[in-house]
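This document starts with one chain, in the form predicted alone, laid out as structure tokens.
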């Protein structure tokens, strides 16, 4: 049972739950009030100017009834809060299991089911959210076969290379993806702003010898590096290299650390792009520390300990989180047949929005069924 107390001259509310205490300032609660005169019930946008709230705001009364916390503030406002929301863990990565080469569960989805059924689409997006990738089967083996499912989620991200593009060996290739050589683990396009959120890689034919895809959980790699060498982890999260791509018609440049942390100190984005990284001219000792740390990280993401191998069959597709995964491939020989894949990008905001809307619709449907 949750107990509530007022502390700090009633300017804070203390919630005691399961031998843990969490103090919440009156101002923090007041500006998060879910009451309709404070929060627009349609958009969730705040209707008051939070910066104008009195800094000496106090809580006059607070009561708990089941899972509801009722609060009356010194400015006369009253609001009811959901305790589960206030007490849930603050970690934004809590529902994302980290994995390595011993991954036992391959997240999978069926193209037709996700295309036709919202529940199946939500299941696919949930798997993608949790594991950072999902293997989709029964995709039409036409050049734009993936596009119908992309349209169910959000707009296709167009780049200077177009929309859905070929990944196959060609003469005079301008990118390593269009050669037969192996590709070391990397993230795509760190020189863009914003960086593409999700990579959609669709197999049309894959009769070539070799060409297996490799996947590494970048969050897990960062965790391992932090455990084994905290100083190396710090170097890769502190130094911000520049990433650049240019050709006759395009100049793209962005910057960011190889391990980017959120406000809670958790990795939320990884980068690795040997061909496009430009390290700033730091003091010599900092550069030496960075290069040593980058080498350790590279050894982790190229080693067997963390790498999962998948060879796509025609009609299969990988959707990969480009903020979390390092992906690559083994070299292949065309003597064994043709290897033709198609690739597109979808941004994170539209993907996350679609998942959350579907989740809320599903919850509303369940609640209605319980009432009925």
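Positions refer to the first chain, counted from 1. Here the structure is a predicted model, which is why all the values come from computation and not from measurement.
This next part talks about the form predicted in complex with a small molecule, which is not shown.
Asks: Just give me the single entry in 277, 266, 127, 188 that has a non-hydrogen atom within 4.5 angstroms of the small molecule in the predicted bound form.
Replies: Selected option: 188.
Asks: Can you pick the one in 346, 306, 317, 341 that has a heavy atom within 4.5 Å of the small molecule in the predicted bound form?
Replies: If I apply the 4.5 Å criterion carefully, the residue I get is 341.
Asks: Tell me which stretch of 66-74, 323-331, 35-43, 22-30 has a heavy atom within 4.5 angstroms of the small molecule in the predicted bound form.
Replies: So the stretch in question is 323-331.
Asks: Just to confirm, residue 201 within 4.5 Å of the small molecule in the predicted bound form by heavy atoms?
Replies: Residue 201: contacts the small molecule in the predicted bound form.
Asks: Any chance residue 224 has a heavy atom within 4.5 Å of the small molecule in the predicted bound form?
Replies: Answer no; every heavy atom of residue 224 is more than 4.5 Å from the small molecule in the predicted bound form.
Asks: Considering non-hydrogen atoms and a 4.5 Å limit, does the small molecule approach residue 183 in the predicted bound form?
Replies: Residue 183: contacts the small molecule in the predicted bound form.
Asks: Given that the small molecule is not shown alongside this chain, does residue 232 nevertheless sit within 4.5 Å of it in the predicted bound form, heavy atom to heavy atom?
Replies: Contact check for residue 232: no, nothing within 4.5 Å of the small molecule in the predicted bound form.
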